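Let us start with two forms of the same protein chain, each given on its own as structure tokens and named structure 1 and structure 2.
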Structure 1
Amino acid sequence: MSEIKRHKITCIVCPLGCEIEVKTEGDKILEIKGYKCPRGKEYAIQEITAPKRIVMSVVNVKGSYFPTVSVKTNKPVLKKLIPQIMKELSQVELEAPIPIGKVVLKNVAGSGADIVTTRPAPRSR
């Protein structure tokens, strides 16, 4: 028999910021309370079973005024994939000029998300 755990989560889906409590036993969700809308319940289930995050970082740039350019995933990815994504990003080096929204890596770490630039990096003279 597994231990019963209580998880307290603050929902970030809407401005209400509901304080949600989830009771679990092993991998099984026993009870969810404190949410005020269905999206809050869905968020709490996701946070317990498969939490996801947008990953933001920088990659190196050659030939620009800036040594790096900021990037992010174009959709949330499983939190457990973040170390692998950071490892893949550490091996990327771009050549300026770089436009905003350029896809740097497709399907990063097999997540189904792409890495895109979030600012331009013009060529230096």
Structure 2
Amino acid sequence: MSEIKRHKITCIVCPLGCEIEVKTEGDKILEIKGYKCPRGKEYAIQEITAPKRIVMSVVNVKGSYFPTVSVKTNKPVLKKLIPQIMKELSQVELEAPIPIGKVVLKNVAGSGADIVTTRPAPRSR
């Protein structure tokens, strides 16, 4: 028998910000209360089982007006992978010119998401 845990989650699906309480035993969800809509319930389940986030940062770029170009994951990734993703991003060095929306790293940290640029990096004159 694993331990019974209570998690408090503030829902961010809409601005209401419901306080949802989730009771779990191991991987099993025993009870969810405090949500006011089905989307809140779904969010709470995801937050407990596999919370995901969009990750954003900047990576170094050579030969452009700015020394960095901003990037993000093209879909939400598991929260626990964030440190590994940041580590992999710190190794990236790009060369201008780079258009906006270009994939610069595929399947970052095995997350299934790609890293795409969110700013263009034109070659500096």
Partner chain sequence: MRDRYDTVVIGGGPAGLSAAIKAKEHGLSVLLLENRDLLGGIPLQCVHPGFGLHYFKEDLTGTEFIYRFIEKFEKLGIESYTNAHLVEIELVSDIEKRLKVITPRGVLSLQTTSLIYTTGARERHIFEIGITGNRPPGVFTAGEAQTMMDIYGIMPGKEIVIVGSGDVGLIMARRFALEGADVKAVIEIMPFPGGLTRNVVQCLHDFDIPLYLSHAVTRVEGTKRVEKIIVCEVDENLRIKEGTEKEISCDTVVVAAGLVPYIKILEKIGVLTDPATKGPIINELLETSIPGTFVAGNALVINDLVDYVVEQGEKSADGAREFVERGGIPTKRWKRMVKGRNIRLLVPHYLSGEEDVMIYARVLKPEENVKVRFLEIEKEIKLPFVKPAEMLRLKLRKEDIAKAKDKITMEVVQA
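Throughout, residue numbering runs from 1 along the sequence of structure 1. Each form is matched to the other, and the largest set of C-alpha atoms that superpose within 1.5 Å is called the rigid core. The shown structure was predicted, so the numbers you read here are calculated from the model rather than taken from an experiment.
Here the chain coming from the form predicted in complex with its partner chain is structure 2, while structure 1 comes from the other form. Once the cores line up, the CA of G110 ends up less than 2 angstroms apart between structure 1 and structure 2. Relative to the superposed rigid core, G26 undergoes a CA displacement of at least 2 Å between structure 1 and structure 2. Annotation: Cα of G17 displaced by at least 2 Å between structure 1 and structure 2, core superposition. After superposing on the rigid core, the C-alpha of K8 is displaced by 2.8 Å between structure 1 and structure 2.
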